[in-house]
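Shown here is one chain on its own, the form predicted alone, set out as structure tokens.
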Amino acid sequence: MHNTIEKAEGKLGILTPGLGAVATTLIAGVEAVKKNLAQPVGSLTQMGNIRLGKRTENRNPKIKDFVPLADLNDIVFGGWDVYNDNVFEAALKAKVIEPMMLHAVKSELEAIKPMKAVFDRSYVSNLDGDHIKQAATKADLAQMVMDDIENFKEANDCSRMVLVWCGSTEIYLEPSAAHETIESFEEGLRNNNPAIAPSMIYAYAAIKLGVPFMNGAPNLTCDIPALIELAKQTNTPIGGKDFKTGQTLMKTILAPGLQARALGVKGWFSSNILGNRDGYVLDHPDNFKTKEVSKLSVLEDIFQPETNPELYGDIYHKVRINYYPPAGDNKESWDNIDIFGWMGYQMQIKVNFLCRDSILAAPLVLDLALFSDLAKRAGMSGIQEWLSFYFKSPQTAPGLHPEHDIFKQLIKLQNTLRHLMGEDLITHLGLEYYEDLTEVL
């Protein structure tokens, strides 16, 4: 199949709705890597290896040397924000990266100025900004975003574009009639239907232009029938939702291990403190509900209590997020896990993770941008479930349970890359190494 992948020639434009802590950390990091001032740790596309063929062949190239990904030197960054700070100013305010490192890439960051954002405070009431597009209808706003994408592409001489949502968590929305068909959605845009959130306007604009769109927040965004259908029509890769960074990353590592050993779980209490803009937005109950639904679904899908009620039928799962300004971007999470083993004897696991939210999220944005661009060049359209590895609440085909086990997600991702490049898929069965021995016996 690899013959059908278009080469990664020319520049790749990566646009992020939201130029806050996550996006500025990504951009500053990539610029630092390009100057050999840092390593892209946490990025599978840059530092990950992939096994090819039998173990005895010892073929383990870097992923970036195996599949035709865009080179970091060919990336051009841009984005939208409700504040008009350039990326250097925004990164200084985010206080994620040390000032000395930021100053080393100051000129590159200062050159990136945000475009005016599509913003409606009724979806993120704890946020306010004045760098905002004004238009009579949401359809007009969508056209303005499309113009931004096209103008950016031309001005920066890009051959391809991708969008990755790095904006805030919007209020909780259930799928409704406006989301059912492309026609009903476009009518909703013209009529300013409140069921169409700002993130959906960005997603619609990108997908309409055939530009891959990845959703880094738990918002509904492109996880609706209308935009899934539009993605098929325009041959556009889409995916989401919600970057898997801190506490949920730990859950998708620990829970599969407990389930694999058939150990029971009675309760899992999760608490977080964070003080960045994300924490402030989530301090509002309507926005927290969106995040809570995303976080709660993980354990249920891994443990599947309906198929194993003896071990997981009575699990009590609670998630708390608390806004605490002194923490800044350094989120801290506590997990108390009540488990039981042989004959029902009880045990406990305690996890205290002091993580840096944007440091964990930035490489995910890079990988999603590069992999979605690869998918586009390979003719893969619609939901990219093989990228579930990066999301708390992976988007799947209707009626399909998402796979949350991070190890199974990695196998799916790597096998997709092998398939694209015409290599044998790896099952980890390993029987072929022992067939000669069996014949002798």
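Quick note: we count residues from 1 along the sequence shown, nothing fancier. What you see is a predicted model; the values in this text were computed from it and never measured.
Beyond the structure shown, there is the form predicted together with another copy of the chain, which is absent from this document and is the topic of what follows.
K.L.:
Exactly one stretch in 197 to 205, 82 to 90, 112 to 120, 300 to 308 has heavy atoms within 4.5 Å of another copy of the chain in the predicted bound form; which is it?
P.N.:
Within 4.5 Å of the partner lies stretch 300 to 308.
K.L.:
Evaluate residue 106 for contact with another copy of the chain in the predicted bound form, applying a 4.5 angstroms cut-off between non-hydrogen atoms, and reply yes or no.
P.N.:
Although another copy of the chain is absent here, residue 106 would stay clear of it in the predicted bound form, with no heavy atoms inside 4.5 Å.
K.L.:
According to a 4.5 angstroms non-hydrogen atom cut-off, is residue 268 in contact with another copy of the chain in the predicted bound form?
P.N.:
Output for residue 268 is yes: heavy atoms within 4.5 Å of another copy of the chain.
K.L.:
When the contact criterion is heavy atoms within 4.5 Å, does residue 69 count as touching another copy of the chain in the predicted bound form?
P.N.:
No - in the predicted bound form, heavy atoms of residue 69 and another copy of the chain never come within 4.5 Å of each other.
K.L.:
Although the partner isn't part of this model, could you tell me whether residue 30 comes within 4.5 Å of another copy of the chain in the predicted bound form, counting any heavy atom of the residue?
P.N.:
Close contact exists here: in the predicted bound form, residue 30 approaches another copy of the chain to within 4.5 Å, heavy atoms only.
K.L.:
Please tell me which of 178, 220, 355, 161 lies within 4.5 Å of another copy of the chain in the predicted bound form, judged by heavy atoms.
P.N.:
Of the listed residues, the single hit is 355.
K.L.:
Which of 147, 154, 130, 98 has a heavy atom within 4.5 Å of another copy of the chain in the predicted bound form?
P.N.:
Looking at the other structure, the residue within range turns out to be 98.
K.L.:
Mind checking whether each of 14, 52 and 276 has a heavy atom within 4.5 Å of another copy of the chain in the predicted bound form?
P.N.:
No.
K.L.:
With another copy of the chain taken in the predicted bound form, which residues across 328 to 358 come within 4.5 angstroms through any non-hydrogen atom?
P.N.:
Stretch hits, in order: 332, 334, 336, 338, 339, 340, 341, 342, 343, 344, 345, 346, 347, 348, 349, 350, 351, 352, 353, 354, 355, 356.
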